[in-house]
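This document opens with one chain alone, in structure tokens, the form predicted on its own.
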Amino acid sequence: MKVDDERVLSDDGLENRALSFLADRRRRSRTQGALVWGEGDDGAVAIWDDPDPDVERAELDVARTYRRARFDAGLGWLDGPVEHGGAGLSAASQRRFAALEAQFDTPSQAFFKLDRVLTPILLRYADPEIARQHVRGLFRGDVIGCELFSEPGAGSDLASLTTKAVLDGDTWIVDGQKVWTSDAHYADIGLALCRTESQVSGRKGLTAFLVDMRQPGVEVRPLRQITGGSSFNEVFLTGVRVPDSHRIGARGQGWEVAQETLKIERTAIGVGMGRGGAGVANGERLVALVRSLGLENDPIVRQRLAEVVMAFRAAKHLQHVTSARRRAGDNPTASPLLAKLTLSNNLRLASRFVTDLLGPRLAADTGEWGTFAWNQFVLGEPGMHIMAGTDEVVHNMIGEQVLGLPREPRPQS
């Protein structure tokens, strides 16, 4: 298959070309995505990844090889701008390809989940040359990104962060500590929020930078979670040198950059309702679990199962409405916030339902397929209420930014 000459695809030719690419490299999924109880990995319900480091590295290599081949075939960023390596097609083309891809056994692309979060930020705020250097790499798998926002004393309260960046000539010297950073242990770049104006308190003194995660002074340490895994890290920045050309946005514009990033991320979280395991977000695996326990005719169980499934389907409808509004040129303020809250609330609902269903089976592994594995879902669910801003912070944002309510009283300094 030629690459460069055929990079700009037509919508009409997309399907045949995509199927040819996929069939040449991957085998079709045996079950076409349908869940067969007792078959496959029952640990797919885990909310947070917990891979062995060696296994994770091997999986990353496989995922990256596939991603590069897909990009070089012109299928890696169908709805992206041609000047940055995209195909210049519609979002509908991207969705069509994703549906075709789901029919094949392809490597997980979860390693690269910030490609669509960081790219619009770089294209909007970064120096054009810096954006050009990284955007293509994010979609080809050459570059993996992370967010360096939260700090031990300023989790969701980003305005309180203390990591400092001091200008020395045309280079910034960054010192501080970030925490709860996903993917930092294999990330190549990090979008860091730093305090640059010492005389200005709160959000007005913040600036964003693109940090090379491989350079001296960047130390990544894993954080152990209640699940036993280490999906997150703390990152220590000591004398890290960042060229001024890697400043993202104007000096003092960091708060805006961070809020735009989190808005995109919250939308992505809401759309990514598959998080929590294949078949959880559409209720398929929950229905199968109820049947496996012989409780499908229990009226109380049926009622609670219906509540969970309806909640997930209502969330899916919200996604469709949001997508339709975006295609129409609207940029709804409330949708990303609602998407984040909907996901965390729905996972809580599912977690409580599963806990009541399985009881002691969650605490002791008897080897019974599809039971103890939910332990990782139940223990991981609380973390969703912290991710991308706590639920409480998001509630405040809805009240103040969407409903126009008075600001919450701030503590006296």
Partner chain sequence: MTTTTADYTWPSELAELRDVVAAFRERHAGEAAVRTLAETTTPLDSRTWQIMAEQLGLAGLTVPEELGGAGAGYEFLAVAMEELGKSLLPSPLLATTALAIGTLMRAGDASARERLVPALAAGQITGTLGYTGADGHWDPARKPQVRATRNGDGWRLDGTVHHVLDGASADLVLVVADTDEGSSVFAAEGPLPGLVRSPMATLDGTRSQARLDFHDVPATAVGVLGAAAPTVEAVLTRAAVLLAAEQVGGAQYCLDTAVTYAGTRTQFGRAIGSYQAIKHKCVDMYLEIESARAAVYYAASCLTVNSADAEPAASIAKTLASAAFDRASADSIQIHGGIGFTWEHPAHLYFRRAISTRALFGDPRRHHEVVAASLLDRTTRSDASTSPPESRRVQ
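Everything numeric in this text was worked out from a predicted model, so none of it was measured. Numbering follows the first chain given and starts at 1.
If you look for the form predicted in complex with its partner chain, you will not find it shown, but the lines that follow are about it.
Asks: Looking at the partner-bound form in the predicted complex, is I398 within 4.5 Å of its partner chain by any heavy atom?
Replies: Looking in the predicted complex, residue contacts with its partner chain include I398, since a heavy atom lies within 4.5 Å.
Asks: Is A324 a contact residue for its partner chain in the predicted complex, using a 4.5 Å heavy atom cut-off?
Replies: A324: contacts its partner chain in the predicted complex.
Asks: Within 4.5 Å, heavy atoms only: does E368 come near its partner chain in the predicted complex?
Replies: E368 belongs to the contact set for its partner chain.
Asks: In the predicted complex, does E392 have a heavy atom within 4.5 Å of its partner chain?
Replies: The answer is yes: E392 has a heavy atom within 4.5 Å of its partner chain.
Asks: Would L305, R313 and V402 all count as contacting its partner chain in the predicted complex, using a 4.5 Å heavy atom cut-off?
Replies: Affirmative, all three are within 4.5 Å.
Asks: What stretch, of 134-142, 155-163, 87-95, 281-289, brings heavy atoms to within 4.5 Å of its partner chain in the predicted complex?
Replies: Looking at the partner contacts, the answer comes out as 281-289.
Asks: Using a 4.5 Å heavy atom cut-off, which residue among T342, T106, S231, T196 comes into contact with its partner chain in the predicted complex?
Replies: Only one listed residue qualifies here, and that residue is T342.
Asks: Report the residue, out of I130, V309, I264, V220, that has at least one non-hydrogen atom within 4.5 angstroms of its partner chain in the predicted complex.
Replies: Checked against the cut-off, the match is V309.
Asks: Could you run down 35-51 and flag each residue that has a heavy atom within 4.5 Å of its partner chain in the predicted complex?
Replies: Contacting residues: V36, W37, G38, E39.
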